[in-house]
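In the form predicted alone, a lone chain appears below as structure tokens.
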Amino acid sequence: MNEPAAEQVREEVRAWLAEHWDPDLSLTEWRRRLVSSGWGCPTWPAEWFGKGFSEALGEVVQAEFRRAGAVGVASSGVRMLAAATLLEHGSEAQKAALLPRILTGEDTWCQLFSEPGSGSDLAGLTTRAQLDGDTWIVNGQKVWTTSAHHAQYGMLLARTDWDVPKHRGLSFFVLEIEQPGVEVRPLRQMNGHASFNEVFMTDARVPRDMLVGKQGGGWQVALTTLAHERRQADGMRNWGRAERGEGRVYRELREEQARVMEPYKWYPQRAGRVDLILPVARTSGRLADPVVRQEIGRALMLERASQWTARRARAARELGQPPGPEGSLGKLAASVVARAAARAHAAAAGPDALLAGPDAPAEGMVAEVLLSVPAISIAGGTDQIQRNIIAERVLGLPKEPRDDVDVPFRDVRRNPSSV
């Protein structure tokens, strides 16, 4: 691919921002300018609201946006996973209709994959989609669905054929959430937050043209979504944010972030908050304790190793490589780091680690860490699933014996509650 030089790109984006950037525009109006210009997603294909640049040139553009204090496209939450999936598998009509509103922030998305009886074994899901004329009729239940309570669309994985092996009977849809057949119920977590939802679909309707990819090809489409999720390929999450600026676009951006990122505000605690370990140990007076120091050292060491793995993933992206083993390695490493951090927090804070409120260690943040860390070993694929992926796809080890792969799904034994 013949690309322009970095300096040429830098000059072009500077000139475009000088002419078009206006913080007094509405957030949506500004983002529509970005979408039509291609500068909002420069690494996307030129025919789909981008410039076709490499990741390296995308970094050049991003740097110029930061220099100008310009706001970027909407990229928080699940929406960029939807965008990445649609870019690879969506029809031209789907891309034209859905991608611009993802980037402007007019639409919020959620991911309708996991079910009460099908979490780690995602291909065992039992939500049904049956074609009735030009409409798919959907019945079933999803769970652990972040942001479903304010989403306009959901990426839905449902079963369309029970007479083939389970992976071949799935199809991928775009489901409109705000319709009579969809009910969203929040789930309260043990850490006090309510980020997730149950979603019940009773004769929910999906237009025939909202099937993504081919009927029966949903597993391959879902793998794209999961690969990007594990690798955090929506790397524009912090793109062009300038929350402290003055003007309408900044005010509306702050409002958007408060609304969209509300379900994620406990995620730093889920990751272990390694940054708080030393301050907590100093405050408690346990920093000189040799056992506490061992736990702290182990957590810091593991975090640094995990950062190096993340840099490998980022380097692969910049080279234009598809998502690789770094995603699963990084996901598993994050779980190890979080658990080590939780142990270090508990050792550093002592009995006070379980206290909540402003007088507790780190104003109760340590207790929230201890309650939140178990989630990281489950969300996005359990640690056991990540180990299987690494063993089979990275190390080339033999697959586990299975009795549910080459038989019709209706003959597969499953949880009675998921029939």
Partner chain sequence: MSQLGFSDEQRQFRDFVARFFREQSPVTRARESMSSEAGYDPELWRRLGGELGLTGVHVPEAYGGQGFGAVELGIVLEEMGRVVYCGPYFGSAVLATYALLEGATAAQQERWLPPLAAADIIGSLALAEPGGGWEAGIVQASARKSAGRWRLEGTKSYVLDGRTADLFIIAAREPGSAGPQAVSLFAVQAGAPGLEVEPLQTVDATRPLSRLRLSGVDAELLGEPGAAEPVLRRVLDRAAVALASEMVGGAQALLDSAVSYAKLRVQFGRLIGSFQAIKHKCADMLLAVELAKSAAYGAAEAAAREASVDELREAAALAKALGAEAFLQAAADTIQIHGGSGFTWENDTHLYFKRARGSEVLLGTPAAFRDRFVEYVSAREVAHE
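Because the structure is predicted, anything quoted here is derived from the model rather than measured. Residue numbers count along the first chain shown, from 1.
Separately, the form predicted in complex with its partner chain exists; it is not shown, and the next lines address it.
For the residues Asp352, Glu55, Glu392, Glu29, the 4.5 Å heavy atom test against its partner chain in the predicted complex is passed only by Glu392. Only one of Asn139, Thr135, Gln294, Thr283 comes within 4.5 Å of its partner chain in the predicted complex through a heavy atom, and that residue is Gln294. When its partner chain is considered in the predicted complex, Gln130 lies well away from it, no heavy atom lying within 4.5 Å. In the predicted complex, its partner chain sits beyond 4.5 Å of every heavy atom of Ser37. Of the heavy atoms in Gln321, some are within 4.5 Å of its partner chain in the predicted complex. Contact annotation for Pro279: at least one heavy atom lies within 4.5 Å of its partner chain in the predicted complex. Taken together, Ala305, Val336 and Lys399 are fully in contact with its partner chain in the predicted complex: each brings a heavy atom within 4.5 Å. Between 352 to 360, 47 to 55, 381 to 389, 64 to 72, the stretch whose residues reach within 4.5 angstroms of its partner chain in the predicted complex through a non-hydrogen atom is 381 to 389.
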